[in-house]
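Single chain ahead, by itself, as structure tokens, in the form predicted on its own.
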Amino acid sequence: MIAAPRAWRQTAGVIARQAPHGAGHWWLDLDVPASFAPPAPGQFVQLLLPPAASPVLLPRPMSVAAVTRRRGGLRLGFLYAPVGAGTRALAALPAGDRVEVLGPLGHGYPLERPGTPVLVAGGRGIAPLLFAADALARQGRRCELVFGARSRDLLVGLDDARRRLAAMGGRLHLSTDDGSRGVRGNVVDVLERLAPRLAFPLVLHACGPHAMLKAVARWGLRHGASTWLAMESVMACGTGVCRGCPLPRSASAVAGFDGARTPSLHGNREWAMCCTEGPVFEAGELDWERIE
């Protein structure tokens, strides 16, 4: 299990910048006051748009891609695709507009784990992993970053990722399903080639589509690598109250479940809450046969 996250709070955030980031994605910089606890890589926040600007009632869960300290507070960075009504409304907000921010929420990646850190990203899953690479660099640790997508056009923010990894002394390894950039294949194909050249033990930190995470989880379990995966689910509240984001526990997690010691906003014996017990889970905690 991962250590308990820091306390969350709700505050007003001010949009500092919105800009295209490639492949139909946007980068958002949001300023929050100093009283807002700095999120860790893998944690998320809930963004609630002003009623007059939003066609949806519920907040949007957003994985944090960057945190920068600034005079009077923090600047939070987000990488997102405006694909639904809520995110399209968010993309239309100009600099200076305010949104409500709830967070930081959930558990992040356990970057303090000893071993060789290997970050594995699919598409816009690159965002929290570049944040993780920054955090590792501040610890004086170099990482390997495996970045895959269906084609080169979907390697979101590739130039930015390359620059940032080079500045940190990390190494970037690419794959595309169609072979248009890097290895022809997927991120697991890259792991198979890369792993024999790395010092064991390996610690994998992954983010991307569930199909990719399932393959990475199975690879990590098969090779005895500590593997941590940032999951997605429908999160209406982000705090465990609505019970809307269950993920199936593995047989071993069910067997070891202790209801008497489980916090009330976590799940039950069969189901884990993605928002309060995740979104980052260890591979052995979930039943991958039942995850879509």
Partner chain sequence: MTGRRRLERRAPSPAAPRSPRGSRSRPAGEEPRGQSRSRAPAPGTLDLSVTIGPLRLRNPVLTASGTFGYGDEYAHVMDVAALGGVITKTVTLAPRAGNPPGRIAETPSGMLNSIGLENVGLARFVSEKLPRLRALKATVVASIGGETPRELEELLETLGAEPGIAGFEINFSCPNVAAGGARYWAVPRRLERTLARLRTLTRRALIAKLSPDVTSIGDLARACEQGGADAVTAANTFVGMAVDLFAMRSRLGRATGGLSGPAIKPLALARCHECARAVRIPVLGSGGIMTARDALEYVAVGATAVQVGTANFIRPDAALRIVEGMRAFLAERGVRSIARWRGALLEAPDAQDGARAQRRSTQVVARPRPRRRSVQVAAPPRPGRRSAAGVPSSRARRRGAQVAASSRPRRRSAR
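Bear in mind the structure is a predicted one, so any value in this text is a computation, not a measurement. Numbering follows the first chain given and starts at 1.
Although not depicted, the form predicted together with the partner chain is the subject of the following passage.
- Scanning Ala53, Val254, Ala37, Val234 against the partner chain in the predicted bound form with a 4.5 Å heavy atom cut-off leaves one residue, Val234.
- Interface residue among Ala225, Leu30, Leu48, Ala66, judged by heavy atoms within 4.5 Å of the partner chain in the predicted bound form: Leu48.
- Just one listed stretch, out of 201-209, 180-188, 121-129, 96-104, contacts the partner chain in the predicted bound form at the 4.5 Å heavy atom level, and that stretch is 96-104.
- Remark: none of the three candidate residues (Pro41, Gly73 and Tyr109) comes within 4.5 Å of the partner chain in the predicted bound form, counting heavy atoms only.
- Put simply, Trp288 is far from the partner chain in the predicted bound form: not one heavy atom of it is within 4.5 Å.
- Among heavy atoms of Ala283, none comes within 4.5 Å of the partner chain in the predicted bound form.
- Of the heavy atoms in Cys274, none are within 4.5 Å of the partner chain in the predicted bound form.
- Contact check for Thr239: a non-hydrogen atom falls within 4.5 Å of the partner chain in the predicted bound form.
- Contact annotation for 49-83: residues with any non-hydrogen atom within 4.5 angstroms of the partner chain in the predicted bound form are Val56, Leu57, Leu58, Pro59, Arg60, listed in sequence order.
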